[in-house]
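The chain below stands alone and is given as structure tokens, in the form predicted alone.
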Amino acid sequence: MKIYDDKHIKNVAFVGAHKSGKTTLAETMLFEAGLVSRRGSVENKNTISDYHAIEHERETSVFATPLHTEWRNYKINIIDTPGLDDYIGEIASTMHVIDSIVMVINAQYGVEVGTEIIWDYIDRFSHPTLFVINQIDHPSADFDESYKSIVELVGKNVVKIQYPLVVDGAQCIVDVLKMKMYKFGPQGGKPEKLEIPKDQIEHATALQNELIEKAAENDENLMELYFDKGTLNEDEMREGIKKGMLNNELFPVFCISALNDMGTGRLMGFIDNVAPSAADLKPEQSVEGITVECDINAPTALFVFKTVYEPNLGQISFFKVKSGEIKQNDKLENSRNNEIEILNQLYIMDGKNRELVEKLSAGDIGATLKLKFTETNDTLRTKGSGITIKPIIYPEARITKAVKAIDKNDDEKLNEALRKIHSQDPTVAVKYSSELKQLILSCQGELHLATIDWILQNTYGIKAVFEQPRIAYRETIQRSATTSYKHKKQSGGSGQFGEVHIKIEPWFEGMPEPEGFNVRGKEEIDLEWGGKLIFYNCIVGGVIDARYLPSVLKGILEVMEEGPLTGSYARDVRVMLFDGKMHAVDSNDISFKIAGAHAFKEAFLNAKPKLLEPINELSVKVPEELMGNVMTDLQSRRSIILGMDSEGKYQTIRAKTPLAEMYKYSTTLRSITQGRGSFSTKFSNFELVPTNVQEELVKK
């Protein structure tokens, strides 16, 4: 395969709503370039990018799939991404390695729910973006409305490069950058290049003038040329468009029919000539503050952005060459663990197909097999270069489930399968909670969960059950209580004896020291599960030997690990040990540990114990007209509304909601907003549980 330099490699992501035609566009581009002799289709389950069994079954992209095409001495690396926001992790990894975004819009529907949600996420990356209005030849297509919806999404910096036209029953595309009309036959393919019809000249010229003005706005030299000549030539317009895209101040719009191969070649030409390459972008800064140049002569740095496990190949690591170049059998250092990896084979991957290459240069995307010490988000670098590429920041999980294998014999197998799933998709988080005694799985939504379940069954042969996780409540007290406990046991020979007198109180930050006690010592313990235990030694006259005090404290901590009310962790208590008795022969550590535990438990139950529940901060973005339904649902979940913010035609509701009320919120929100709502959530704090809820929980 030909080796391309950094100026002739373009890395683009195809993003857009479900069924917008991204996979079909990728397939058509490979066909146009002659890399495949026959186009596959989603319906026939034979496209290059959607090759996984689950994608065939559901007829939709589930994974971000790298592939490539070559067009007029340029190499275009394409990553075809899923259109459903449950798979946002696939888009997150893609954003870290591409140079430009191709946002595909279905001409029948314009900017859809999926487009809005995905744009809301990718907009923060500030990648150069162009829009492609697809399916222009569909009977229900409405180019003008689709264009208006793009303007509503990104603002006034949208500019038409093309618009569709039907002439004598034939589908045509008018290109105002080239001021030509492309006329297509019924089968698409290579068009007839014609002059723009006379009745369209005025409209096309007005659009070109708008394009020239927007292109000139992005460069002082071009602006001067424009003032001098009153126009710009095609090359000057291209230069201005590229600079506008780099500044996120110009969003070109194209029109195509990917299914019928209309306009695909022209789009590829624009990506070649105008869309920025990695070398055009501002150089990255490494974690260490080193500038990482997209330069073949710089130290080599690869960033692993995706890991896949294939049954016949094992682990495949996808990477982008951020700087330098990589050749077969090169040795690189992993910046995370300093292990040396040997890259025995280098591949260009097109879906499941792979092509062996000898080397890859800065700006290119490739893959290698069976790395021993490397995971997603790792940097492989020239030893001693000190470069660590900044990691991908994945979105927080939105739903949490307890998971267990139906067959207990599959427990170990389940853990290993979930580890691999997390390695491929880091938005899937798995951990065992010793507090809840459950294996907890977190992911992006119910559809994401269904995909995980499918993979467990069909790839690993494991049947699992997903349940509502237990809630990690906390126990505390609301008033003080004083008690004593004597532990006495005699069974022949040395017995056991320990007596303690304690007072307990609710603890809060900044409270004054206890009054009426002779404080001899104070121990402040930050509990692993949050909150504090403050333990005061107030013993006078040596009634309890100092060597037994740690045992009393140990007994108290053991009770706090399994609180008296519901067995939940206890927190935010202070204890004054002020009196007691010991025996010269029978007293020992175990006696005072038992006495301390019993005294604390009794005092706790007498101190008006109260359950605390975890509260989440919830941010819900919904169309303004659906806000009432969402608010009603939130109030039914015991939410406290903190405020609302306007974002165009959307409202963002900020609320505090008990974790216990968040179960299946993803499904409910999707239902009441017709899929147009999105939300994020994170832990906030613990708050008192309502009395009726506490009574129920204590009964259980």
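Remember, predicted model here, so these are calculated numbers, not experimental data. Just count from 1 along the sequence shown to find any residue number.
Heads up, the form predicted together with a small molecule isn't pictured, but that's what we're talking about next.
Although the partner is absent here, E43 is a contact residue: one of its heavy atoms lies within 4.5 angstroms of the small molecule in the predicted complex. Although the partner is absent here, I534 lies well away from the small molecule in the predicted complex, with no heavy atom inside 4.5 Å.
At the 4.5 Å threshold, heavy atoms of T69 stay clear of the small molecule in the predicted complex, well away from it. In the predicted complex, L259 approaches the small molecule with a heavy atom inside 4.5 Å. Stretch 134-142 is the contacting one of 552-560, 134-142, 537-545, 324-332, since its residues have non-hydrogen atoms within 4.5 Å of the small molecule in the predicted complex.
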